[in-house]
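Read the single chain below, which is given as structure tokens and is the form predicted on its own.
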């Protein structure tokens, strides 16, 4: 075993959230400059592997009688690695995790944590893991964490490339034109699994209407993949607005999200929508250039966002 470091990016779903759970396509992109990191340190004096989650201010040992619920996902990731990928030493190492990805905001924090840990521990054990294996193992962990996820988060984060995704099919990579995006965080935490379950319950009472909306969202995702490839920010923005209207109709937006969407549009965004499960979390907007993107990010803070940032897709 060797000391090492690995990381995993955040992600944005540009089109297709919720509809993707029911077999429709979706488009997702990585946020390369917002990441979760995991480091393995070798220390012969460590009798029981130490787990340190810096942002949560938690330090514990792997074989402790109980672990805080907030790091349960980390413990399950280590267990999966030991059981299914490579046997880990029973002593002599420390895992440290830290992240710039806000938790429960629709930016893929749980998948990024799993993937960063898998990358770090397999690298420390000098075990090569193929992209498809990484996708599959991280999806097992997403199912534990979220219940019935589509698999889009762990797939785009594993590949760290823009993709057109459809459940139970191989993802199609998208080679995008240059574009500028802005993310605004409402500060409201929502568990993806809870919102997905709420949508499922609503669909059960009106399946025909919901499936019609999901089909429309799926077509927007297909058109959005083409606009992304062409670098057509104006077209992409129009599609984002259409997708947001449909997400409002299935009840996953919120006053806080709509406030930030409207603030972005008023400042010059070409389009804006919620990203992720909704009911809180984050929104995303697209801008014509970097200067406009930075201005929008500043205005989102004035409009009530707890944080905002820009990212360029190349």
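Numbering follows the first chain given and starts at 1. Bear in mind the structure is a predicted one, so any value in this text is a computation, not a measurement.
Keep in mind that the form predicted together with a small molecule is not shown, yet the notes after this line are about it.
Colleague: Look up in the model of the complex whether residue 305 has a non-hydrogen atom within 4.5 angstroms of the small molecule, and give yes or no.
Modeller: The answer is no: residue 305 has no heavy atom within 4.5 Å of the small molecule.
Colleague: Considering only heavy atoms, tell me if residue 276 and the small molecule come within 4.5 Å of each other in the model of the complex.
Modeller: Result yes; residue 276 sits at the interface with the small molecule in the model of the complex.
Colleague: Considering non-hydrogen atoms and a 4.5 Å limit, does the small molecule approach residue 150 in the model of the complex?
Modeller: Contact check for residue 150: yes, within 4.5 Å of the small molecule in the model of the complex.
Colleague: Given that the partner is absent here, does residue 158 sit within 4.5 Å of the small molecule in the model of the complex, heavy atoms only?
Modeller: No, residue 158 stays farther than 4.5 Å from the small molecule in the model of the complex.
Colleague: Indicate whether the candidate residues 179, 284 and 296 are all in contact with the small molecule in the model of the complex, with contact defined as any heavy atom within 4.5 Å.
Modeller: Per the other structure, none of 179, 284 and 296 touch the small molecule.
Colleague: For the chain seen here without its partner, which of 171-179, 88-96, 73-81, 150-158 has a heavy atom within 4.5 Å of the small molecule in the model of the complex?
Modeller: Comparing against the small molecule in the model of the complex, the contact stretch is 150-158.
Colleague: Which listed residue (192, 186, 243, 138) meets the criterion of a heavy atom within 4.5 Å of the small molecule in the model of the complex?
Modeller: That would be 192.
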